[in-house]
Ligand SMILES: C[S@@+](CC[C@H](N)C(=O)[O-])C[C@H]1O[C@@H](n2cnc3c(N)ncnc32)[C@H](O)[C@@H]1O
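The form predicted on its own is given below as one chain in structure tokens.
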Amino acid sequence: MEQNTELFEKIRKQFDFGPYPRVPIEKTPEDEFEKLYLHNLTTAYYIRNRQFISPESKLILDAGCGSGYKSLILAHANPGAKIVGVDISEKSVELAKLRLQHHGFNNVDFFTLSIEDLSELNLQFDYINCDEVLYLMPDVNKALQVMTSVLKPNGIIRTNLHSSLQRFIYYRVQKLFQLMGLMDDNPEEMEIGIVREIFDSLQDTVFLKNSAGEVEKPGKEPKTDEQILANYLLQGDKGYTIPELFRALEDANLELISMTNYRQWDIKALFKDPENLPVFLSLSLPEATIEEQLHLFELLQPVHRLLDIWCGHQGESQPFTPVSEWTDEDWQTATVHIHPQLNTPQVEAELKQCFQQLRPFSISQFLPITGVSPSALDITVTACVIPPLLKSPQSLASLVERWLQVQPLNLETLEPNEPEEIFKHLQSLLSGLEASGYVMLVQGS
């Protein structure tokens, strides 16, 4: 316990010295579309339950809010929600308060408080964002258990751990500077200067210098003070593997919902011919658990710095049928929602120009999701589908009716479009848009 208290104090001092992230207070995330998508409660709730939920009046916790930039993203991504931020660094909390005030968000509260003391707030949260924090906690299991205790039954936690397989070189660097005593107290300007001097003095052929990316190259910028602190001198930094993450979730009675960047964890995509795997894998992969598949991926391709996940209480996920298995009857009773991050003035302005110039609508420009190929919708699809969805959720029948109004003739045959053909066409189109994250298809509503 004394060792944990000492480490806790070192971490607090480090972030009092350098509140993280060092983002100018006037910077806005309004155009950081993928970050807004990731921090939107609607996104995670749909991935878990295939249901639509509005963030209006929801209570969202930013656990380890730092300087408040993620709190600002949460406020932008979840209009109408109340944001509560906690952090152990008093200076970080002060900066977070100023940041949200500067951007006109008043439905927020910030507290200088440890995650382990969250029960003191006497609040239950719909969504907890614990980003770039959990791997610094002296006891990860306890931190997750505390967050679980303040999470509503159908609530969701977004959190992450550093990957020990991806960051192995940084842990070697940290061991080096621990051995030199640079992390005995709170690293500041002097320690940062010593780190730079040591790397500069090493020959370029030295493995540690080369692997850490410290070899000078034309056009390559040296690491900033913030990067040195966040990688080489980060107090409490620890790495984990997928099995260790799953054990921590089990201990906290949580279950994995999804990796937040799940499209980049597709193990089949690592092979030259995904449909013709080696016999052993083609037989064993279908029987493998999600944990086993993710662990195999990180052993083969440890490229993800973060093991970044959504999770929730065990047994609270709502059953659903995947869209790929829907019948025509399922489609007839479904409701189509456009993702809230596409319902913006920028999208409306771009649509107006597309219609005036009769050009495709680049939908991925306004929601660029990593792992999703850039895509554009032709003018007919855009006119038939996007404007009504921006006004309100639609049934497939209403979209078929609009299509027949906008384009009554088949442009190839000049014969009248048949409702059944448009129905099938929209099924295919909306399935692709749903898989890409642009729309949400809710069954039986």
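Numbers follow the displayed sequence, beginning with 1. All values derive from a computational prediction rather than experimental measurement.
Quick note: we don't show the form predicted in complex with the named molecule, though the next part is all about it.
S.K.: Which residue, Leu233, Leu136, Cys354, Ile309, has a heavy atom that falls within 4.5 Å of the named molecule in the predicted complex?
M.R.: Exactly one listed residue reaches within 4.5 Å, namely Leu136.
S.K.: With the named molecule left out of view, choose which of Asp131, Glu191, Asp126, Glu214 has a non-hydrogen atom within 4.5 angstroms of it in the predicted complex.
M.R.: If I apply the 4.5 Å criterion carefully, the residue I get is Asp131.
S.K.: Counting only heavy atoms and a 4.5 Å cut-off, does the named molecule in the predicted complex sit next to every one of Tyr20, Gly66 and Ile115?
M.R.: Contact check passed for all of Tyr20, Gly66 and Ile115.
S.K.: Looking at the partner-bound form in the predicted complex, is Ile11 within 4.5 Å of the named molecule by any heavy atom?
M.R.: Although the named molecule is absent here, Ile11 would touch it in the predicted complex, with heavy atoms inside 4.5 Å.
S.K.: Taking heavy atoms and a 4.5 Å cut-off, does Ile88 contact the named molecule in the predicted complex?
M.R.: Close contact exists here: in the predicted complex, Ile88 approaches the named molecule to within 4.5 Å, heavy atoms only.
S.K.: Using the partner position in the predicted complex, report whether Asn186 sits within 4.5 Å of the named molecule, counting heavy atoms only.
M.R.: Residue-level check for Asn186: no, no contact with the named molecule.
S.K.: At 4.5 Å between heavy atoms, is Thr148 in contact with the named molecule in the predicted complex?
M.R.: Contact check for Thr148: no, nothing within 4.5 Å of the named molecule in the predicted complex.
S.K.: What stretch, of 216-224, 318-326, 249-257, 89-97, brings heavy atoms to within 4.5 Å of the named molecule in the predicted complex?
M.R.: Checking each option against the 4.5 Å cut-off leaves 89-97.
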